[in-house]
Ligand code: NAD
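Encoded as structure tokens, the following chain is the form predicted alone, with no partner shown.
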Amino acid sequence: MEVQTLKYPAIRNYVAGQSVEDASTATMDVFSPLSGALISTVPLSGAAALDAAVTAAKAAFPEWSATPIKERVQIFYRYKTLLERDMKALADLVREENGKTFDEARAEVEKAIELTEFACSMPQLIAGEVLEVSKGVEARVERKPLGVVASIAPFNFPNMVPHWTIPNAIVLGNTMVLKPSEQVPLSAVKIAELLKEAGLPAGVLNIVNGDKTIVEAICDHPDIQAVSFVGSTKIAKVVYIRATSNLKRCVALGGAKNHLMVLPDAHPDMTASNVAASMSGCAGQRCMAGSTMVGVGAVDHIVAKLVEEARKIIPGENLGSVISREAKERIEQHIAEAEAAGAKVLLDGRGAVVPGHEDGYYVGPTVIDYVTPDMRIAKEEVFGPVLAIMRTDTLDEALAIENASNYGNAAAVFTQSGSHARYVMDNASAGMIGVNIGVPVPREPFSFGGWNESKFGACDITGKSSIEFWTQLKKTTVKWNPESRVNWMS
């Protein structure tokens, strides 16, 4: 029997600064969504592999946490330079394993660089406080790391999302176990290699690959102090409940159903291009995708321009693939169900085929008008390049649709009216709001995080808010001079 040669070496775990073989024989094939080709294999590790990673992280913690933060950040300054040096190679990996276009993959790495830059500013952000609270008595507050922490990353941003957690958590003195998605394990290997080259000590970052078994083991492990998770709402709930029931800190980001409210006075060209990009960027596989447009009043002229813009989005050219054959089938089923329920398909992306990549997992841009709130496509996260358009007469009706969603990641309004924009900013039930912006992702130092069932737990996962999550406060009160008068404060 002919043995197939893999494009990339079989993935291994990364523990104590070394690539290690998992004693388990269970593996999973890794396919490139671009072509459907088998490109690698990944181990489905068990609890023993996690124990080894946590042991390494625990052993590294005392020395790493005792290293002054001004020294810790020097490693990430060097790491940022390495990310810039290897930009193309990193983007190529993202494209290969996730299916993004090269420009999208490159933008993902550029965001990882920005996240690393923010981590390098930590010494200025976490400076302690000292106050003389009584005559001769000083109170001091300092931030201290938690210990061993874990980050569970999704398939849709194999380079960027690990950087939501790795730089901040580690610069703040924690040691980490990263669990990448088993569908996209290649980027994590390169991240570990570059951090080692930058001088990160062995054991500070460890990587364990696997499926739900490892996720459950992370939630249960007694030596892991905090868990971050990014994925679907269904799994985010499970992770949050399981981790917190084991007395861990947890922030778990789930899915989204983001509403883009379009008013008649919106700038037609800007709105059409923004909405089309929002629904199709990264093939719609992002929790900030504008998957639902709510047209308020007479917006037919904008819908027509939107369809015209969406026709310019070509699978295999400026539109990447979805992650798997199962995802393609699920997305196309959503379209079929909406059409059968009475919605009108203005642009149909089903059956998309890219010449030369006939076995790739592609769905073309799809615009569906006259969707009603009771349809499944109006309520569930599709996670594909599909836009559902609903119609209302008033902005209050549009907001009622947005507020009725279980999710609360993002919402946006397209208008030239400042008062209407302010009304949406004040009344939309979402953690991230856009005005004439289809993907309102906050830039550093502002943090990323939604509301409602788009996020479980306190604090956000990035930005200044993440400092609260990855550290704990130590308060010290000091008195040296016995001659000072004693009162109720001392």
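A residue's number is simply how far along the shown sequence it sits, counting from 1. A quick note: this is a predicted structure, and the numbers were derived from the prediction, not measured.
The same protein also exists as the form predicted in complex with nicotinamide-adenine-dinucleotide; that form is not shown, yet it is the one meant from here on.
Taken together, the three residues S181, F229 and G255 all lie with some non-hydrogen atom within 4.5 angstroms of nicotinamide-adenine-dinucleotide in the predicted bound form. Note on contacts: among F76, Y361, W164, F414, the single residue with a heavy atom within 4.5 Å of nicotinamide-adenine-dinucleotide in the predicted bound form is W164. The partner is absent here, but in the predicted bound form a heavy atom of C287, alone among V296, C287, I191, A338, sits within 4.5 Å of nicotinamide-adenine-dinucleotide. Comment: 255-263 is the region of 344-352, 255-263, 386-394, 296-304 lying near nicotinamide-adenine-dinucleotide in the predicted bound form, near meaning a non-hydrogen atom within 4.5 Å. Though the partner is left out of this view, D211 does reach within 4.5 Å of nicotinamide-adenine-dinucleotide in the predicted bound form, counting heavy atoms only.
Proximity of A153 to nicotinamide-adenine-dinucleotide in the predicted bound form: non-hydrogen atoms within 4.5 Å are present. Using a 4.5 Å cutoff between non-hydrogen atoms, S454 counts as a contact of nicotinamide-adenine-dinucleotide in the predicted bound form. Taking the partner from the other structure, nicotinamide-adenine-dinucleotide in the predicted bound form has a heavy atom within 4.5 Å of a heavy atom of I235.
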